[in-house]
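Presented as structure tokens, the chain that follows is alone, the form predicted alone.
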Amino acid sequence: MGIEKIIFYVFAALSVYGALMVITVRNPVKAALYLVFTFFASAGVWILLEAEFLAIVLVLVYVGAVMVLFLFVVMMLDINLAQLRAGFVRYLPVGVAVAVAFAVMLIMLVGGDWFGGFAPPPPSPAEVSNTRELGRLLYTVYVYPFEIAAVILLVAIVAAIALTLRRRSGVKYQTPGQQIAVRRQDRIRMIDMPSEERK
């Protein structure tokens, strides 16, 4: 067994451990931190597959931006932990069935030959850039799925904003139209006062 296989199995085991801890730990902040741990282990697997750009994007985008947002939301919300635990036990059979279905689909898709051991990709020439090849594939072969995914993400963002936007009474709002239409005479009053002489 070579050093690449050993490193792959270490990162794979860390990824599986972190993913299991995300769904089994009771504290939501710890679950988010375990998800960060899982992202780092997955980035290690990407580096082994010679996809350095994807590994850096995974760390910068998900760990640096998305997980910080998750932690901010989780720590700002008042989450009822007892209700979360009750929901975990209630939906455990559904989660196990979905996990088994995903595992079966992955085995059918990838095939049994790949699960016997880690098969590293053939070495690429030094002049080949992973970023250039990824961009070429995204904007030529996979341009329509890429655009569809972008539209779906845009719809999700708009839906999240629409669901969380609530009008509350007692809150002062600014109207940009009134601010633009204001005149100097409405805001500034000139007062003519005689000056005082100091003695």
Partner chain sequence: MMDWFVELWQAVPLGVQTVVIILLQIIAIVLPLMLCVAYLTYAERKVIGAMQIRMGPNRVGFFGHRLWGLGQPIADAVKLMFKEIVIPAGANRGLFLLAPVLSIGPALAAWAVVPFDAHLVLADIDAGLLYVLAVTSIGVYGVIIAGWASNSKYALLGAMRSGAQIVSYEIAMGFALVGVLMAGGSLNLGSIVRAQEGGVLHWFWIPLLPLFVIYFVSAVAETNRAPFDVAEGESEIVAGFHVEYSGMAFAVFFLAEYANMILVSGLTAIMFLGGWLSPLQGLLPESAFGVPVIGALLGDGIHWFIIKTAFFLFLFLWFRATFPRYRYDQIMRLGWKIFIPITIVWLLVVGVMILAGLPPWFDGA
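Between two forms, the rigid core is defined as the largest C-alpha subset superposing within 1.5 Å. Please read these numbers as outputs of a predicted model, since none were measured by experiment. Numbering follows the first chain given and starts at 1.
Not pictured, yet referred to below: the form predicted together with its partner chain.
Peer 1: Does the 4.5 Å heavy atom contact test between R26 and its partner chain in the predicted complex come out positive?
Peer 2: R26: no, not in contact with its partner chain in the predicted complex.
Peer 1: Contact with its partner chain in the predicted complex for F102, defined as at least one heavy atom pair within 4.5 Å: yes or no?
Peer 2: Because no heavy atom of F102 falls inside 4.5 Å of its partner chain in the predicted complex, the answer is no.
Peer 1: Hey, in the predicted complex, does A51 get a heavy atom within 4.5 angstroms of its partner chain?
Peer 2: It does not: once its partner chain is placed as it appears in the predicted complex, A51 has no heavy atom within 4.5 Å of it.
Peer 1: Although its partner chain is absent from this view, report whether V110 comes within 4.5 Å of it in the predicted complex, heavy atoms only.
Peer 2: Contact check for V110: no, nothing within 4.5 Å of its partner chain in the predicted complex.
Peer 1: Quick one: of V89, V96, M76, L106, which gets a non-hydrogen atom within 4.5 angstroms of its partner chain in the predicted complex?
Peer 2: The residue in contact is M76.
Peer 1: So which of A150, V141, V68, A159 gets a non-hydrogen atom within 4.5 Å of its partner chain in the predicted complex?
Peer 2: It is V68 that has a heavy atom within 4.5 Å of the partner.
Peer 1: Just to make sure I understand: among 17-47, which residues lie within 4.5 Å of its partner chain in the predicted complex, judging by heavy atoms?
Peer 2: Stretch hits, in order: N27, V29, K30, L33, V36, F40.
Peer 1: Please check if V59 moves between this form and the one not shown, taking a CA shift of 2 Å or more relative to the superposed core as movement.
Peer 2: No, shifts by less than 2 Å.
Peer 1: Does T175 shift between this form and the one not shown by 2 angstroms or more at the C-alpha, the core having been superposed?
Peer 2: Yes; that C-alpha moves by at least 2 Å between this form and the one not shown.
Peer 1: Tell me whether V29 is among the residues that move between this form and the one not shown (Cα shift of 2 angstroms or more, core superposed).
Peer 2: Stays below the 2 Å threshold, so no.
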